[in-house]
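Starting off, we have a lone chain in the form predicted alone, written out as structure tokens.
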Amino acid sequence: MFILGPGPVLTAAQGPITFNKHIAPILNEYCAPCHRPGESGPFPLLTYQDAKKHARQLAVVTKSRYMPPWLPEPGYGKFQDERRLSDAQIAVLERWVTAGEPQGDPADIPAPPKFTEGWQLGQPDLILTIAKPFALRADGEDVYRNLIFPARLDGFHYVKAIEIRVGNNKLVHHANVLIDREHTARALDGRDGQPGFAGMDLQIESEKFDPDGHFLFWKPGTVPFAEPDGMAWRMDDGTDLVLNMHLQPSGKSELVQPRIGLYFSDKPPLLRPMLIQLENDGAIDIPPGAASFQVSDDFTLPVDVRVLGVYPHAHYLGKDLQGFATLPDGTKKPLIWIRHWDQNWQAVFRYQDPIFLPKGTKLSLRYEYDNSDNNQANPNHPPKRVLAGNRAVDEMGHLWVQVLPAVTDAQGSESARLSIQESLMRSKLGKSPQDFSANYNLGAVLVSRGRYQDAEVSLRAAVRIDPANPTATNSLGAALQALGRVDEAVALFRESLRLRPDYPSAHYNLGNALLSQGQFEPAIANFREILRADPKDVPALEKLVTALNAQGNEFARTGKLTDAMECFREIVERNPDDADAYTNLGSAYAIRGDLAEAARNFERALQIEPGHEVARKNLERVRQDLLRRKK
């Protein structure tokens, strides 16, 4: 973050051009954030000597608009923090070089920009790091690495901002954070002996409708973005953040150990945006030599929305990228147009003012690719056939559109988000019926809407496409259990655990299903397995207590008092504030004839819950029996 000093308004018609009066203000605002020590620019541009040394280069790269890096065309969306030089500013730079780079009057030099060192938003509320750095090789192709950051929290927090500190900015081209609430990425962590795992574009699976709605993105020069009040996102204890990094070898072996700073808010998320992804990767099959290969996608909005920002994405062959909206009356409204794509400068672009789009508006993606020798960014010479994929040498065509349902109440917003997600997944399946993620995500949103029979169809399709996926198998079992088909659900939960033995959700679902069938012992075993890995898992603890209570009461009914007492003891050990458990334990002691111990447990229950009627009556009876014994 930096603060600019005052500078003159430039026009191309001004008189003699000097560094101090005209050039320094431009460099301070547009160049110095990256071109300074410790940042990603290859050389500093902070002084007259710096600028004079690179003067002709500055004129060339600004006239071609290669620098400063700003991809969107003017007139096709008004974005925040636009880093585009005006024609007048470019002309001033060129005139300065032509005039021999005069320095000018020392009195004209503006105050140098003030940069915030360290955390740009101040000290974070929580800093996450990885235990072991990633070793980046000295040379070769770019590296795409995913590093996992487990977050240990006291309960949950609302996150208003996230700041990524990559360590060495010169090694990292860009990075983004994905939220992994189900810990699906952990299975890939460290398989090659290094922290994290390889992969360019990553998808995180979730068992329920809870899509990410925020751009958590970093690139050199980016100022961290703090969400406005009411748009923070909830982060629970145990959530994993997965940092997807694009790394560039420097010519020597380097260690990469990034950190993530989290900034909390005390204001709950009243407004919950969504990310709509336009894509048609199934149509990407680019022949060698094709200079204008085109891909398109459309999606019709089922509800009114406000568009907050966009994030276009392609790889090396991307050429001309367009995103636009067609209103129900046929009016065309631009979202973004990038005539000359350069994946090295991809970014999130947030609008100065949200764009309202009514229900029935069609969002469109139109991308063009150049797989010819004329494309200097083409990784293949001579060109080769290129398909869609996650590797850098594969290709992609995505446009993420961040929208906010145009409703004011939370219930209406959630209903609108569900409608968007369902429509989006059905649109994807219209293009690619065998898309596992689309089938699975459609099933998840249908479960959230309580449409379990429809969800079964989509989840069965997902399991058929990828039978080794434990998340889909588990989710199908949950849908069947909601339909009352418990035996089928139990079989699916067991299969999910065969595929992933440490899967907490499958253990929970299996334990719950077995509990409903009165199979207390195996149900308890599943809940204990969850708590063995995470003793703070509150739902598992609550279910374990329920199962132990049911089993203890069954033991007591059949005269197995020792077993019953073991159940109730375990409950009070795990949950020492459970008045019912102390009451049950006291009752077991009373039946066995240990009245003094029974009385102590009833007294403890009443300390916890003074109005506990059963504990009060049982204590009175036990005390009467103790008095009779003394007589």
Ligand code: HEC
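Numbering starts at 1 and runs along the sequence shown. Note that the structure is a prediction, hence the values are computed from the model and not measured.
Beyond what is shown, the protein has a form predicted together with the ligand; the following relates to that form.
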**Request:** Flag this candidate site as yes only if 311, 331 and 365 all have a heavy atom within 4.5 Å of the ligand in the model of the complex; otherwise mark no.
**Result:** no
**Request:** With heavy atoms only and a cut-off of 4.5 Å, decide whether residue 403 touches the ligand in the model of the complex.
**Result:** no
**Prompt:** Would residue 34 count as a contact of the ligand in the model of the complex, using a 4.5 angstroms cut-off between non-hydrogen atoms?
**Reply:** yes
**Message:** Whether residue 48 contacts the ligand in the model of the complex should be assessed with a 4.5 Å heavy atom distance threshold; does it?
**Reply:** no
**Prompt:** Taking heavy atoms only, is residue 528 within 4.5 angstroms of the ligand in the model of the complex?
**Reply:** no
**Item:** Which of 600-608, 570-578, 586-594, 35-43 lines the interface with the ligand in the model of the complex (heavy atom within 4.5 Å)
**Value:** 35-43
**in the model of the complex, the residue from 76, 134, 264, 345 that sits within 4.5 Å of the ligand by heavy atoms** = 345
**Asked** So which residues in 83-98, when you check the ligand in the model of the complex, have a heavy atom no farther than 4.5 Å from it?
**Response** 83, 85
